[in-house]
Structure formats: C-alpha cells, structure tokens
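Two forms, one protein chain; structure tokens for each follow separately as structure 1 and structure 2.
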Structure 1
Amino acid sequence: MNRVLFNFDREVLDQIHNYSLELLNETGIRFPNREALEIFKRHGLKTDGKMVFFKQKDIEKSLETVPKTFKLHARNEDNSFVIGDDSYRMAPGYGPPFIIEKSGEMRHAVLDDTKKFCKLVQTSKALDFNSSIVAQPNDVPAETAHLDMLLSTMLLTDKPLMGSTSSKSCARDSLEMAEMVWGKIDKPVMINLVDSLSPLQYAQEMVDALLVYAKAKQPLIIHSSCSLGTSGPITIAGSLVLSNACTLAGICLTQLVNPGTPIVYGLGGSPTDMRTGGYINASPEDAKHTAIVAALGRYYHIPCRSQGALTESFGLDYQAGMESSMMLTTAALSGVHVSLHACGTYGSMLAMSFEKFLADEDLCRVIKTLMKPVELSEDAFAMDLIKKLGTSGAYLLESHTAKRCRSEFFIPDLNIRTIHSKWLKMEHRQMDQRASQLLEKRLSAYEKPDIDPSIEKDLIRYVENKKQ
C-alpha cells in the first residue's frame, strides 16, 4: 500500500480534475499579457479583461498534444537524458540570493559562488543538470545577471541546462546563446521553469518567457503552488484544486502556441505557520504534495516535477538531514521525474550552502541507488557458488565476490562507516567539517569540459555586448 496516497484512487483524481475544470470555467485565470490574451481569443476561449475562461474541451485538447516523454540534449551528448521514463533527474538549488558559510554566517551570493556550484555540478555523480539560478549573484547588475549565470553554466559544464524565465528579453538571450552552441535549435536543449502566481494568475514576465520558449518548442516546467492558509485554502484538497487549475491553464497556453511543446507538470503546496505567518518548507504537508504531483502527472500522462532536498534548518544538523531525506525519498518512491533544489538549500530556499550541497549529493546518490531494480540475473543468483560452498561461508575469497566488490554496494563520500574507538579519534567528526575538506578536493580536481574555442569566444562576446 502506498501510505502517502492510500486514498488517492482514480475517483479522487477525477474529482480534483473536475473541480479544477469548474474553477477554470467559472472563475478563470488571470493572464496580464496582451499577446497571450490574443492567442486565447484567436482559439475561441472566452476572455473578460485579463481573465481567461477555459472549457473542458480546451483543456483536454491541449493535453492530447503534450509528449509523454522527451529527450533533453546536452552540449556533451553523453550527458543527454530522457525525461518521463523511469529515471529520476535532479538539479541543485534554484534562486537563493544568500550563501550560508560553515560558521552559520549568511552573506550575499556572488558570481564566483555560481561558478563554484557549476564546477560541482559538472563533477557530480548525482546531479543530471544545472539550475538557471543556482545562486542569485549580488555583485553583478540584476538586469544582466542571467547572462553571467548562463555563460558560467555553458562554459563550466557540459550537462543539460536551464534558461532564464525572468523576462522576455532574458528568455530571448537564453535562446540566442543556445543557438551559438547548437546552431539551429530543432530539439530540446534547454528546460525552463514557469511559476504561476497564486491564487489563480500568472505574472506578466512569466507569460512572456513562456511564449518565447513555447514558440521555440523548448521544454517548460509549468509549476503552481500556494501557501496553505494565506495564498490558498488551508486544506491540501483545496490547494490541489487551486494549483492544478493554474497549471492546466499554463499547459493549455503552451499547446495553443506550439502543439507538442514538451511539458513537465508541477504542483506544490506548503503550509503557513499560523503562529508567525511564515512560509514553511519540508513539512509532511509539503511531502504529501510531492507524492500527489506524481499521481496527477500519471493521471495526465505528463512527466512531473517536485521540490528536492528542502529544509527549514540553517545548519547541517539532524533537522536538515531528516527534512531533506523525507522530501527526496517521497519524490523518488512516488515516481517523480524531475526535482529542482536537490542539493544545497537551507531555510525555505533562502540560501545555498557548499557543505550541504555535498551532503545532499550523498543523499541523492542513496536515493538513486535505492531506486535501482534488484539484479536477478543467473550470475546474481549465484546458485553454483552457493551449492559449492554449502555451509563453509567462505565467500570473501571467491572470484564472484572479487569481481563485484568495488561496484556491488553503495559507498558514501561523507558518511562515516567505522568503529566507535576510531570515531573518537577522528579529527573531523562533524559532517560540515568533512564536507569542507571534500569541497577543496573537488574544486582543485575540477577540469573544464572541452568546448570549441570559437564558440566560447562568441558566447563571451555576446554577453559583453549585451551588458554594454
């Protein structure tokens, strides 16, 4: 029995869907964007000012053209991957403006932090692609920061990447830089996050970016969420209907613009602390939304996205480990396809940490190992060996063991596996201390991936010209 979703059968999912359709038809979704409104009108949807009203047939027709799977291509094709199959793809934190040091002090993020995170993503055994805003740098102009971050990702990694959705011009810049790498873009090379604005609306900048990427048929994560009790109903059931309606409306727009645009379905919800009015991450309610998004993704036959290793903590303590593990494990076992914030975030996505990034990496690797099917080959059953040894138990000296001893079991980079007496003598018992050591080792061993020198020059020149 799925203990998270024990009462979410087809009938309940139908109910969420039907209530969402009721909201879409009677209340509508606010789209403060002239071009989007014209597109809706051209396709026969009712509008009233900036409100758009959707009929059941509008939503169902749009869902028919969304691909069930798609391949996201990397600069290094060996790092390309499919979204929507049985794999679980992960990216690091998205959007934090601060860095929390090992001491606990918090400071503004700078561009050099972004570059360090890019190097960690490139050398990561767990992360599949980089976020577009792994940390928002404070030492470069906000208007052009997207250029510096994207340039860092393109030059320092050769894994798939995310484009900027901060504005129409940011989205266009992202595509133009991608064209310098891939030439004419005729395949998915850049995945992009579009968040709705709860309740029941989208910000103009998000719609602008959605239109740019949909016209280029680049994948979009359409994500909606609310704070339970403030920007949405206090109940999970109510928040599901509210957010699902917003997500469906955004998906509908993408398919009206360009049928077949790849989509990742996103939905979340976090409670409001009724004692303080604050926003809470990594709660049991948050985890339930993570599980439910997978159920709704399957319901609509669309790949789905959830949150990652989130925590309310500001240090690498038990709380951070407990909350991050709960969120990632729930996502993995529920069938989520993509997670942002999988490594490095503290305090409701307020800050990034290099030490937590590396600790979360071990967690991500554990999760991916947990998801791997148990090998059931003839060699794995080892029947001849079991019969040969009988009750002797001398498996350690057998070639079957020697052949598999370096790859059969998960080996952590940071977790301690030793006896108590040795642990007492360890110089660095605490996780953050060991993570600091590993950070230095990883950064010193980093090697920049190959890129055509002429492409690199073109990218650098483009960014410099745009800044001027």
Structure 2
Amino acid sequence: MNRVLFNFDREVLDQIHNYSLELLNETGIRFPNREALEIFKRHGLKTDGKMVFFKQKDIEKSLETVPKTFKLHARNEDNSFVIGDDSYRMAPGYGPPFIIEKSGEMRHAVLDDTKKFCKLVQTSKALDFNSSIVAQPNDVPAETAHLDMLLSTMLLTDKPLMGSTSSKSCARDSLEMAEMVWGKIDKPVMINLVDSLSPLQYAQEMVDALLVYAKAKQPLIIHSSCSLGTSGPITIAGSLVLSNACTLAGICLTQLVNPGTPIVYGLGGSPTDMRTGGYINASPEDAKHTAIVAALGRYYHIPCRSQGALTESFGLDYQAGMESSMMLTTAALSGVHVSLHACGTYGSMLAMSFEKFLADEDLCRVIKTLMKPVELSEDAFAMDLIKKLGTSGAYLLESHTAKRCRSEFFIPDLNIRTIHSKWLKMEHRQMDQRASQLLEKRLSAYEKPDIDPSIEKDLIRYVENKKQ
C-alpha cells in the first residue's frame, strides 16, 4: 500500500495560504526577542515594537530554501533515518510530568521513570527516536533536568535524539553534549520542537532556542496550535489560518538565520471543553487538523508532523485504544511524516503510563504494517498456484504458504489472539496485567548500547559540572 492523499482541493489550500499571508502582512506576529527582531529588520521586514510583518515574498523566499527531506543521524548509524520520505517516524510522549500507575493513581515522574522509558525506546520495534522529555522528572532540579534527560537518552539509547528548547542555555547545553558525541556537528543529529503561542506569537525563550539550533543547522519542528474557542477561533478554518500564519513566520526566521535549515511543518488544534475551559485531545476535530497538516505540508513541500496516540482516558480501556488508534491511523493514511506522543500518554498528555506505552507499541507496529506497500511480485500474485488449486483449495499444504507463513503476517506483542474458552481461563486476562509482565521482561532483557567509554565519561562529567 502506498501512502494516501487527502483530496483537499488545491484552491482550498490556496485560500488557507492566502488568508495566512493576509494575517502575516496586516496583523503580524509577535516576536518578543531582540535578536530575532534585529534579524527580521536586517532582512528588510517591517516591525513595530515586537510585532513583525511579513510580505508574501518574504514567506515564499524562505520556503524555497527548506529541504524537502533530510536525514536525522543517530550515534548508531543503523538507526539514522530520513524524514520526508514515505515513512512515518515516531517518538514517545513529550512533556508529561506525571505517571499514572496500573491502579489509576497518579504520581510525579522521577528520573528513574525517564530512564526506564529510554530503555523501552531503545528496545522498541515501533519507535524511531526518543523525545527530549519522555517524562519530566520531579526529583532533580528543574533548571538542569534537561541535562539528566538528555544524558539518559544519549547513554541508554543509540537512536536519534531531540534537544531541549526550554531556553537558550538549554539549547546550547544540548548542542554541546551532541558535539561530545559527534565531534563537529556538520549534519542533522538532533531534532528540536519549537511551539508557538496562540494567537500569533512566540515566547522569548522558544525563539532563543530556535536561533541556537538554526545557527547550527539542526532540524526544527515548528508547530503552532490553538484551543478552538479560547486561544483561537472555535472554527477549524479559522484555526488553520491562525496557526499556519504563525508556523510560516517561524519557518521564515529559521531560513533567514540559516537558509537550508531542515524543518518539520506542524499545526494542530483541539476543541475547548466549554464546561471546564480545558482542551480536549483525540477528538475528531484534532484528527481533522492531522489530515489537513499533511495536505499543507505537501502544499509547501515540507515534511510534516502531527500528534500521536492521544487519548482523554486514564486507563487501558476501549476509549484509550479507540482514540489513540483513530489519531494514529488518520495521521498515517493522511501522509504525516513524524509524530511525537506516539506511545504512552494518558489524559490529554498529562501523564505517561508504562502499560499504555507497551499497548501503543502494538498500535504503532500495526500502523507501520498497514502502510507497507503490498508486495506485487509474480510470486505474490501466485497465479500458477491459484490455477492449480482451482476450487478445491488446500493452500495450507502448499510450499508457497509454508515458505511465507512465519513472516507474512503481523504478530502483536500484547494484543491477544485466542479463542474464548482459553481467554476465559487466562491468568492475565486484563491487558494491563499482561503489559506489566511484558514490561518486566523488556527491562530485564535490556542491554545498554555500546559507547566510547571516554565519550561517556565526558558526558557524565559535563552534566555533573553543569549541575554544580
């Protein structure tokens, strides 16, 4: 199967683009960041205080230098991958400060949780890279937590990384640690998430981080979203225009700083719960944004990003599976290239769960299997076999079946495939019980990937020094 294309009419995408340009030109985007404002002015863009106004040519020129695809390198080159091709790349939860236990109870995440998640990412058949905040630990100082998390990822995994974008110094620390691993950074080795603020602005610290990474030509996910009806219009069309304008402004800045900086285009939108003012994840409105962000990414010839296996649920129930699957299937079939939050999150990204992480891995693998092109070889069409067996088929006995039977089908790790009578007697009929078993097995079988001992020592010393 090939990836699919939503048939959003070109003229609808033109309309969203043109309205976005109108906002960029007339209303402007707020960049409360002196360095960014100077860069914009230097390139002839109009500013008024902290507001920056973009002409069509500014945006279009910046889009020209964004790469259509790029390769993100891991310290183990076998784990490097391209973003922007037919593949769908996945990272686990990003940002949750809590852990929800099997009991349903919630507690603060600690560094040991972060490390366990790193081990799961490393051994995951589903996930391609780690997020920079797979769980925000509460038992280390907040100012240096990014160092602990990055060190854990660097030592416990050899898959690609995300850097911290919390502030200028966080970004610089991340780059310095990357330099210890790679020496000179002359290729993308760290992908970094920049979220704008709705409506129509960026936080000063995020812009600082954007500038650090753009100068180093490291890939940036530029993502804008709003809560429909509170921080943005209640309508999807309005939300699209608002967020697209903001994302385009961010992309423009990256290309002014360093043309050719790799970008992942991001845009989202979640309904506001009108009873509480909170935002609702994993709604069909979210999923619509996911489909459209892929169409806009193709429109701009930029790889795109969507949300992952989100849910409003707090347990491993039908709702959690249904919402996570709806979000991820829509992303996959719409042509999304990258998803954060693909494994482990509960309750509007509030908390991580080890059990949900493992359940989501089955989902991610299902989705990746679904996306694989159908084999169309002569052997796969099996015309001679079909003709030979005619209406008296006993395919099970054929060597065509025997040769392929171990590899042809997807096999889940956690989902069951059994008959009812056996299920009734299963010791661990509940999915979270099976997940706990699997978690233990995964963690105990974990092996730390090789790393040059001197690099490891340097990294540990760097973090220790910074923490003093």
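For clarity, every value in this text was computed on a predicted model and none was experimentally measured. Here, a residue number simply tells you its place in the sequence of structure 1, counted from 1. C-alpha atoms forming the largest set that superposes within 1.5 Å between two forms make up the rigid core.
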query = The form predicted alone: 1 or 2?
reply = 1
ask   = Does residue 387 move its CA by 2 angstroms or more between the two structures when the core is aligned?
value = yes
